[in-house]
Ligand code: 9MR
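Single chain ahead, by itself, as structure tokens, in the form predicted on its own.
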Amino acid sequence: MKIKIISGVAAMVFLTSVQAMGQKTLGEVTKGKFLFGVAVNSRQVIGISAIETELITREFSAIVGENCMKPQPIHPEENRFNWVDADKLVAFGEKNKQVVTGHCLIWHSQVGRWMFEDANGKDVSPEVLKERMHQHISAVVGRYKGRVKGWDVVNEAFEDNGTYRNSKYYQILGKNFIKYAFQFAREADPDAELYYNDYNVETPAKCDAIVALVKELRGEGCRIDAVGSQAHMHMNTPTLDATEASLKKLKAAGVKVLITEWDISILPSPFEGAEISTNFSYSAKMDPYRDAVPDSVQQKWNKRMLDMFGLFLKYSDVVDRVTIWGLTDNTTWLNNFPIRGRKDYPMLFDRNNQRKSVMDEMIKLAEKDK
């Protein structure tokens, strides 16, 4: 009998597939409750990271691009779009029968200065910015009309205290930039779902501001289907009670809730939040698990993950999707945020692309909840 030797990446993919035979996935056991998704990068979509690609296609019912649909990557200059990576993302989701979400249309970060400035570097007029927003949203949403389930139309428009973020959009157009964005998105694809997305939604003042925004938009005839709670969490914050309180408020406001960027950092943090421009200097004290995570700490992380997942299941009548922000500990953005060069362990798969034990407990919990 001849034995074929499989080496390299192919062998690892083969081993992962064999180990997965008969193994249930979170995408399967949450069917009928909510979509269970993952943020993916372009290397995973095109198969350069073959093992990760295989895990994504097998384990999840929904995907979202980690970066490829953000304003700067997809629209780097006023009259130039870069569709390559976004096109591949949408085709990947369709091929694997996964729901695709668009992230994100309007955001104060990762957007070209051309959006706000004229040829002399001065702020454009409100009329010009409004038209540039219109062109951007119409082009992006229109290109994927009927292929993307819904869009994060506006991302992170509020501070944690509930005031509007003093972004360039706000400085030039005031709060109406949000209304315009939702109007333009609906025009471009009347059947697509439209979302507002933010971090620290568990903070009472911010949650109240978002609820007020929902009511205001609907009062002006705008469609808004859901609020995305990014759910970038730490070991102690937000509390389970605070998270539940925010779910109750949003449910009472009559919108669906999406858990859009879920991860739980196991490391100490100098602040709470996900403002991408924040950074702090490296110190060994803030990076305590370079070699390994102590079992006692890992068990605490597992329990926190399981407790939050149980809460999402409890509110599955209003929670429409749960998306983890990245696949493995090796590729998570938290290795470099808010302190570059750390080793964090916030994801469901470890640095060797192996399932963490908490996933089996999550699967049991979802099956018990049926």
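Throughout, we count residues from 1 along the sequence that is shown. Keep in mind the model is a prediction, meaning the values are calculated, not measured.
The form predicted together with the named molecule exists for this protein as well; it is not shown, and the discussion that follows is about that form.
The shortest heavy atom separation between Ile276 and the named molecule in the predicted complex is within 4.5 Å. Although the partner is absent from this view, Arg304 stays clear of the named molecule in the predicted complex, with no non-hydrogen atom inside 4.5 angstroms. For the chain shown alone, His75 is not a contact residue for the named molecule in the predicted complex, no non-hydrogen atom being within 4.5 angstroms. The named molecule is not shown here, but in the predicted complex it comes within 4.5 Å of a heavy atom of Asn67. Judged by heavy atoms within 4.5 Å of the named molecule in the predicted complex, the contact stretch among the candidates 187 to 195, 85 to 93, 230 to 238, 289 to 297 is 230 to 238.
Checking Tyr180, Trp107, Trp114, Tyr144 for any heavy atom within 4.5 Å of the named molecule in the predicted complex turns up a single hit: Trp107. With the partner omitted here, the residue from Phe60, Tyr345, Phe34, Trp325 that has a non-hydrogen atom within 4.5 angstroms of the named molecule in the predicted complex is Trp325. Residues from 233 to 268 that approach the named molecule in the predicted complex with a non-hydrogen atom within 4.5 Å are limited to Glu261.
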